[in-house]
Structures are given as structure tokens and as C-alpha cells.
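To begin, one chain is listed below as C-alpha cells, in the form predicted on its own.
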């Protein structure tokens, strides 16, 4: 625990780290589908970051690293991308992904975005897809991001929009709460929808010295071949909700599964499902 860090905050951070370490295998196994479903988000981030040959780019909360690895192709052999995550298993998965894609100009490090062991002014750009809203102290993470950027360097990042805009993620939580299987979520806690308010997002970014960000809503889709595929996603890849589902008794799990199947009916597409999604993508400097 960092000196002066409240025990509850440290515990929340370690719990999140454990969750995402556990998610790494599923994210790695489904890496191609995740990238395909989020391509509009990743390509927007890369375009707005606008990495140039020779640039040094930092990716935060990288997961399996697809967005940073896309940037690595643009900075060329003269440049470098440092791909980081605070979950060691995610970093290991990103390293394997780079080898799979034949990308040699990327480095990898376990790194907590809220307190980076990196020199000030050492990066031309920072990219973060779906990370800041999960951090215990996003204000500290934005401040650290600002610190490690060179003057004029860009930050491009994405967070998820509102629960109503992302039923693929918001469907199961209310079911668990209604059945008394999960406590109602703390609206002040980190989570997938914690930065869905563009005004709050803007305030956090500008408070640490960034320019007023350009924020754009970007549509996504989460597609699944059938209900079993969607259920596997929820029980293998869905962040904080996955441990809750895994811990249920067989009877409760079957009950929740039936309720989720009923609730997902509006998104049926043939034999499968096509869930809409929406992110808030931002760029600033």
C-alpha cells in the first residue's frame, strides 16, 4: 500500500487488479472479436492521436494491446509504443499479441496509470481505450497523463456512455440487484459507466491543465452468434460482473441466465444478437 493511501482505496485497487488479471485469458481468447466489435472506437482514437514516424506513444490500461499495437505500425521503426496495464496477465497477453502480429517496436510494462514511474514529458502521445472510468482516482490518472506528455502532446481516450446506450453491459446488473444477488452499485465508485457524463469528463480533463477536449459519441455493436456466446461473454470477460455470476449457486445462475435471455430478446438478430453500444471518445492536448 502506498504511504498515505487509505486502506479502503488500496483494497478497491487490488480487487480491480485481481478481476482484470482473471479476465485476461478470456480477452486474449476473444481478441479478434473484441477488436472487430470495437473497430470504430480504436480507429477513431488512432486517427485523432495522429502518431507520426519516430513518435513515442504510451498506451494505458491496454488490455491485450490492440489499440497501441495499431499505433506502433504508424510510428515505424524509428518510434516506439509502450504498452501498459496494471494487471500483469493483461500485459503478458499484449506481449503475445505483438509477437503474433510481428510487431517489434513495442515495449511492455506493468504500470498503474494513477501513479506512473515514468519521466515527465517523455511521450508524444497517450492513448487509452476504456480505462479511465475503471480507475479508483481518474483525476490522478489524468494528472499523471498530463505530466508524462511532452508540450503539445495529445491524449486520445474512450470511455463508455450511459447504461441505456449500452444494453450489452447494463442488462444483467439490474437483474442481479432485483433478485437480491448483488447490492445496488455505488454511483461514486469506479465502473464501466462512471464517466458517462460528458460534463464530468470535461471537468476532470481541464482541471489538470489539458485543453477543452473534443468529445464525440461513437457507436459500436457487440455481436454474438447465439445466446450461449453472450452468456460466455458475461461469465468470462465482463469485468466486475463476471466474478458475481461465477459465485452464484447453480440454481441462482440458471435463474439469472433465464432472465438475461428474456431481457436480451429485443436485440435478437437471426440466431444471434446484435447489441448497440455507444462510447464517448475524446482528444485533448
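Fair warning: this is a prediction, and the values are worked out from it, not measured in the lab. Residue numbers count along the first chain shown, from 1.
One more form of this protein exists, namely the form predicted together with a small molecule; it is left out here, but the text below deals with it.
Only one of 169 to 177, 149 to 157, 111 to 119, 209 to 217 lies within 4.5 Å of the small molecule in the predicted complex by heavy atoms, and it is 111 to 119.
Contact between residue 241 and the small molecule in the predicted complex is not found at the 4.5 Å heavy atom cutoff. The closest heavy atom approach of residue 27 to the small molecule in the predicted complex falls within 4.5 Å. For residue 57, no non-hydrogen atom is located within 4.5 Å of the small molecule in the predicted complex, even though that partner is not displayed. Contact check for residue 81: no non-hydrogen atom falls within 4.5 Å of the small molecule in the predicted complex.
The three marked residues, 20, 62 and 130, each reach the small molecule in the predicted complex, with a heavy atom inside 4.5 Å.
For the residues 134, 201, 75, 93, the 4.5 Å heavy atom test against the small molecule in the predicted complex is passed only by 134. For the residues 126, 87, 98, 194, the 4.5 Å heavy atom test against the small molecule in the predicted complex is passed only by 87.
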